[in-house]
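Listed next as structure tokens is one chain, alone, in the form predicted on its own.
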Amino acid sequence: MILVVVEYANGKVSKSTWEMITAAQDSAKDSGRDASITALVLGSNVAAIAAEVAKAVDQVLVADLPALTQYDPELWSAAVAQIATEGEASLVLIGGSRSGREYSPRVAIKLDAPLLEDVITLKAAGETLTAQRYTYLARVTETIEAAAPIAVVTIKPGVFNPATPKAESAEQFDVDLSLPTPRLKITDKTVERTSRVGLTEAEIVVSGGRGVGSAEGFTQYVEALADQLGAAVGATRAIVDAGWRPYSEQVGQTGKTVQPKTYIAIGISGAVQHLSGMNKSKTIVAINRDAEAPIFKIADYGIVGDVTQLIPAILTELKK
């Protein structure tokens, strides 16, 4: 079987999970392996999550335990490794989120399996798994292979098209786990509250760079345009380092990787570190006063002009 570890947030299955299911379907084609797709849901009070994902897979395994209320890499890796072993999985798919990148190596060690990280394509033929991933700041695509009875793979967010739920639901099964004694104790948790769509989930992202002039300018131009379009807000590292925006909004090599349908870059010159986090967006719109800015080399649409004049004009037209 192909085991997909479900990611979810705020009571809903995350977009990354639907993308992993598509990756599982791709790898199952002409693979010669057991192509059944099993979703594993870990957590507490996750009945709604299990019911939602059951519409896109062959079966759902549910570990609904108080011990799994909070994410713990040791517990998650132990649970995934146990289910993969008991179910004789040939492939384990984990999201390329911050938590997924943290516990996936632990799973690979427990299973004595190869680990392929941040893949963007996935094909299987017998026991040989072939994948591709970006390297050198996404300038190069490399092909990697794993030849083993089982492999652990993390899927790069925003690359695969999300799977479409079916009308019928797969059968669900409760599982018993042998979990280690937790060594991690969470004493406090801070949740960022926002009315906007999440950066990695958004179909439209509006990002700002130093060209917006100031923190007030960011609010006046970037946030205003994002609100008008129902978009997520992103920022360059320079903006975050200056304290204008929180790290959670940073896009780039040391921030988040996004691949929305539309990415609007306002006052962003286009340093390679930023481009590596957004250059695979479907459509890129760049607004900058410098006609020679590197961002224009990858933009589908470019507007050369003063942000302080262009954005108010665009907002006026949108409000009409």
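Heads up, when I say rigid core I mean the largest set of C-alphas that superpose within 1.5 Å between the two forms. The first residue of the shown sequence is 1; numbering continues from there. Here the structure is a predicted model, which is why all the values come from computation and not from measurement.
As for the form predicted in complex with a small molecule, it is not shown, yet the points below apply to it.
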Does the 4.5 Å heavy atom contact test between residue 299 and the small molecule in the model of the complex come out positive?
-> no
In the model of the complex, residue 253 touching the small molecule (heavy atom, 4.5 Å) | yes
Heavy atom to heavy atom, is residue 268 within 4.5 Å of the small molecule in the model of the complex?
-> yes
Taking 4.5 angstroms as the cut-off for heavy atoms, does residue 123 touch the small molecule in the model of the complex?
-> no
Work out which of the listed stretches, 37 to 45, 50 to 58, 65 to 73, 269 to 277, brings a heavy atom within 4.5 angstroms of the small molecule in the model of the complex.
-> 269 to 277
Residue among 238, 204, 144, 115 with a heavy atom within 4.5 Å of the small molecule in the model of the complex | 238
Please pick, from 293, 284, 28, 258, the one residue with any non-hydrogen atom lying within 4.5 angstroms of the small molecule in the model of the complex.
-> 293
Core-aligned C-alpha movement of residue 289 between the shown form and the other one, 2 Å or more = yes
Take the rigid core as the frame of reference and indicate whether the C-alpha of residue 70 shifts by 2 Å or more between the shown form and the other one.
-> no
Rigid core superposed: residue 305 CA moves 2 Å or more between the shown form and the other one | yes
